[in-house]
Ligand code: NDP
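Heads up, the chain below is alone and in the form predicted alone; it's given as structure tokens.
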Amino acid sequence: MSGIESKVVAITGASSGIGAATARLLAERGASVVLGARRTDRLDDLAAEIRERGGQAIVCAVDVTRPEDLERLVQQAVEAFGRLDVLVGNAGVATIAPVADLDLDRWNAMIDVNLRGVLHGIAAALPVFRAQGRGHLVTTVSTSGIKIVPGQAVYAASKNAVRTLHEALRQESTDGTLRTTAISPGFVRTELVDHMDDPAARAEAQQAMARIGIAPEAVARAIAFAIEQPDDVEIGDLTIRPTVQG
């Protein structure tokens, strides 16, 4: 058996990009996956695809800004498969714009999804992990929080808040019950920037992704690597970016 086979993994932001690629890979390696996102039509298609390939997958409608949705995601995992081994917090939103635009609505959206959404997942999963004696939080952060650039101040701040949160939680959890992993992708070919309002900024970001972006499957493999380690091994931080990214 691999370190992934028979594990139960819940994934937020599973309807596309890194989340969908991670679900496919983990299911292929023997995990039972619980797919969470707002676009349940896409989740239904993904779950059907996984089942057709012999895997196990169920679907849960999840808006990570709603704590009750994360509670339901965890509950469905436990009810369907008896436990939850890993929560992959992958849901995220990004707006690229200077702080001087003073776009409070977009700032709040990034904080609500990128930070509060992670906190909601922790609040839902941690009691289950404690009761089981084991659990693993894997959260998608970003290289935007490592190399700070103009236009990404609030996005980077929300991601760095999660990085800080993970490190503090790690230090609070050295009894061996909880593992935490922060995955920091660089340019990845996903839909993250497709809904940006500024056409010029959106086009520039899309062009950069198309030119140098790596496939979401590369990040999925990094997530799988962290999950498959023995219980006494923790991959705390893992950065994955295109070799040509500055």
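So that there is no doubt, residue numbering starts at 1 and follows the sequence shown. The model shown is predicted, which means the values in this text are computed figures rather than measured ones.
FYI, the form predicted in complex with the named molecule isn't displayed, but the following is about it.
Peer 1: Does residue 217 make contact with the named molecule in the model of the complex, using a 4.5 Å heavy atom cut-off?
Peer 2: It does not: once the named molecule is placed as it appears in the model of the complex, residue 217 has no heavy atom within 4.5 Å of it.
Peer 1: Do residue 113 and the named molecule come within 4.5 Å of each other in the model of the complex, heavy atoms counted?
Peer 2: Residue 113 belongs to the contact set for the named molecule.
Peer 1: Just to confirm, residue 161 within 4.5 Å of the named molecule in the model of the complex by heavy atoms?
Peer 2: Because no heavy atom of residue 161 falls inside 4.5 Å of the named molecule in the model of the complex, the answer is no.
Peer 1: How about residue 141: is it within 4.5 Å of the named molecule in the model of the complex, going by heavy atoms?
Peer 2: Output for residue 141 is yes: heavy atoms within 4.5 Å of the named molecule.
Peer 1: Have a look at 182, 47, 64, 27 for me and say which one sits with a heavy atom within 4.5 Å of the named molecule in the model of the complex.
Peer 2: Selected residue: 64.
Peer 1: Could you work out which of 58, 209, 178, 201 is the residue within 4.5 angstroms of the named molecule in the model of the complex, going by heavy atoms?
Peer 2: Selected option: 209.
Peer 1: Name the stretch, out of 168-176, 119-127, 133-141, 79-87, where some heavy atom lies within 4.5 Å of the named molecule in the model of the complex.
Peer 2: Within 4.5 Å of the partner lies stretch 133-141.
Peer 1: Let me know which residues along 67-86 have a heavy atom within 4.5 Å of the named molecule in the model of the complex, or say none if there are none.
Peer 2: Read in sequence order, no residue approaches the named molecule (within 4.5 Å, in the model of the complex).
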